[in-house]
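Just so you know, structure 1 and structure 2 below are the same protein chain in two forms, each on its own as structure tokens.
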Structure 1
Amino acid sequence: MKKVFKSIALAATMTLSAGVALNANANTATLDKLLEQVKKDRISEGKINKKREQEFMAARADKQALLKKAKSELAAEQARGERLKNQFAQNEVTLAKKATELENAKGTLGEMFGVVRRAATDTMGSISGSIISAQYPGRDDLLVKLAEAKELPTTKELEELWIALQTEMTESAKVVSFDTEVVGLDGETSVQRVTRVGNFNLMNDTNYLIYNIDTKQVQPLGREADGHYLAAIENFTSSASGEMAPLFIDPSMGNLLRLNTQKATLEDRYHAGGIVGYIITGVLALGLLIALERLITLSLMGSKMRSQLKNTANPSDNNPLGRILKVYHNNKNADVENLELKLDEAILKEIPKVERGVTVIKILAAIAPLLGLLGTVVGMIETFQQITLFGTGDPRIMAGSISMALVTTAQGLIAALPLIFVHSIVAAKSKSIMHILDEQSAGIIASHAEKEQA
């Protein structure tokens, strides 16, 4: 390919140089022509230039006029600027003068403005949180306007503030009933007859209510107060007007009632014990049931034995002493050693009936505190698990489960105390019966035999 291009280029150059040599004579004629042409052209160029020169000269005169005009305009504007500046300065002075005039005219009113604002801000806090707002809603709108206003309050607004303060004062001395919407815990609204005691308490016929500042609604407490507080309400609302009735009042305007709902009840604490707590309850119930059964059986046995003791001649089958006496009656003619062996055998038969259950109560009494300890350990494990998850930053999380852990210890002790006590009673009873059978039955038989022989 390259070779083809080279040969073509070579051929082209050779043809060109041949052409230049051929045309040399013809060129001199055209050069003369060109010279002629240039000379002619110079004359016409000169003409054109002259014409343009003349045009420029004419335009220059125009521009001069324009410049002059612009300059005069600038001078006029500058003069006007000066004039306005003077006027502005003058106005400033007048303004300052007027401001002082206004200040003088306002005088003590300015101080009053500050007082009004402060009073409005103060009152806003107490009024929006006051339960009187449940009866007269929307009272704090005006106060918000007054507290945030930049201009002087009008006389009407001042009067409104006065009235708002006065209303709060007057109403806080009253015990009144009115109908209002109450939002229940399930979210349902109902119109209820509500009694307000000053600005302390709000209640319906049976329960205390609180006024929620954020939602501006009347609500029941999350958890009912204790029964004797509620009983006082019922007495109070059912008493005739003019009659005196005692009533529990929350002097902290609802805060104590709210705190009361946070406090764990006895039932809550019991359930905080968890499964271990229920097992301890089961142990306590089982122990008490066994103890009750034992107490009844042993008392019956004891009383029957006492009546048998008065009547040794006629042994009956319904009590251990009678059964032992019967052995003697059946073996009256046997020798002493034989009789003693038979008596021992009869006593051995009676022992399990008397001692049954006593050790079980003792074991249950010992198990209960151990179970409590188990619950504590389980609770502590839970605590440490929470620490691994959440760290020790919030003592509240830890404290919650620690108090739960301790509840089981308390439950264990509470279960153990009565069980120990009951065991001592049952053990004493069974021991006294055992003594009668073990040590005294032979004596009873001996004295009976002596009486018969005499």
Structure 2
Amino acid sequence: MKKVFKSIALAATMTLSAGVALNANANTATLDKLLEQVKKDRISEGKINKKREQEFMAARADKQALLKKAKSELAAEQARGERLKNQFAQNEVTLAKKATELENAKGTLGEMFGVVRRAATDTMGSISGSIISAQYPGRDDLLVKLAEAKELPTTKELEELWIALQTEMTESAKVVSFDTEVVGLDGETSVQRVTRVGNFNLMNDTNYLIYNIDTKQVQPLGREADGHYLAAIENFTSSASGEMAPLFIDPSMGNLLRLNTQKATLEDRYHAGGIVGYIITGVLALGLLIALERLITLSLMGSKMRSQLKNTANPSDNNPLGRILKVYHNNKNADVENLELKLDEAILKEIPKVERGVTVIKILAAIAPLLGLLGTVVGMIETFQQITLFGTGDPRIMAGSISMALVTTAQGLIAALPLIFVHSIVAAKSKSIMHILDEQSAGIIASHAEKEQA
């Protein structure tokens, strides 16, 4: 048995040894191929690396050439900068020497040069804004040149300065007419006959004109002047030569006229009251209409009553007194007490017709100033809201609300005054009518009592 196991083990060992020998032969061939491939790749990578090295060396040479060129240019620019710096310093020294030589050469002329520049600067503003420049444009060009000049003025320039100053003085004393372009408010340009009154006013046949300093153009006022100003212009332009005619003169060379165009008109002030102002106007209109109707009605009523007083024997139904007399005629046989009651009843019927609307007018007269006070409160509330939002830096932002507050107060008072006045008149007329009725009624009762006692 032991021999059998040894034989089996020996056979197995031989079998495994043979298998291992076969596998070792197979791996060796693969490794040889791998080794051969590595050798080939090493040769290829070496070629590539060598090529890369050659390219890098070539690029390095180019970069070194560029660096060398840049350094050369930097050195050249630095040398140029140093050279220019030295030249600038030399120029400064030369300028200083030349300036000294110029001052020495000018001598007393330097003082004259200063005077010319100062005179040109002082007169440049006045001549540029002068109305005379509308007739003689371009006079300020020479003054600007002299004021900004760095060299001595020429003789011709001095003469031109003298002529400009002399022209300003001479033309300031003249009233002349000339043709010039006038730019309308719609932008349209037209040639008009313009009259210049010294250095104060420009005007055509119908209105004042102004000279715009910025655009160097003649243009009308933004808003037409008041009627009495225009009437003065018409009288002045239509007057004969040598004839004296009054004319309104603007001594500020048009500034007052410009301010006048910005002044609020009555219409602007009325609309500043806003909704409250319109309500006050409605209250005033309603009160006046009622008062007008009452005045007409009471006047006709009073006239008819006066006619009735002249003919009490024939009472009419078209007036209160006639209706009272008719009650008396219808109750002549009644006793005094009954007649008195009948007449009182008739008078009570007439009272609403006579006093109708009087109380309404009184109420409207009381409401108007209260509405004005309401507008004041609303305006002040808006003012404080604007102060909260925008601060107090710009008063013009608050001007609208303050204007509303003041205008509504004025409108309330303006509405209340005529309403109170017409209420007094209407109340007086109604009381007069009622007084006549009471008087006639008392007279009728007294007369009837006398007849009854007789």
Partner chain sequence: MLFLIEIWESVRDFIATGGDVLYIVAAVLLIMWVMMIEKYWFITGVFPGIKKDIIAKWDAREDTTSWYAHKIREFWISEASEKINERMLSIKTLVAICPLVGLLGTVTGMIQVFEIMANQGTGNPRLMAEGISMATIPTMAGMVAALSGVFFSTRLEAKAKLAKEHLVDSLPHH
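The first residue in the sequence of structure 1 is number 1, and each one after it adds one. This is a predicted model, so every value here is computed, not measured. Between two forms, the rigid core is the largest collection of C-alphas that superpose within 1.5 Å.
Matching the description of the form predicted on its own is structure 2; structure 1 comes from elsewhere. Residue 81 shows a C-alpha shift of 2 Å or greater between the two structures [criterion: core-superposed Cα displacement of 2 Å].
With a cut-off of 2 Å and the rigid core superposed, residue 145 has a Cα displacement that falls short of the cut-off between the two structures.
When two forms of a protein are overlaid on their rigid core, residues whose CA moves 2 Å or more are considered shifted, and residue 92 is one of them between the two structures. Core superposition places the Cα of residue 239 2.4 Å apart between the two structures.
We note a C-alpha movement of 4.3 Å at residue 446 between the two structures, with the rigid core held in register.
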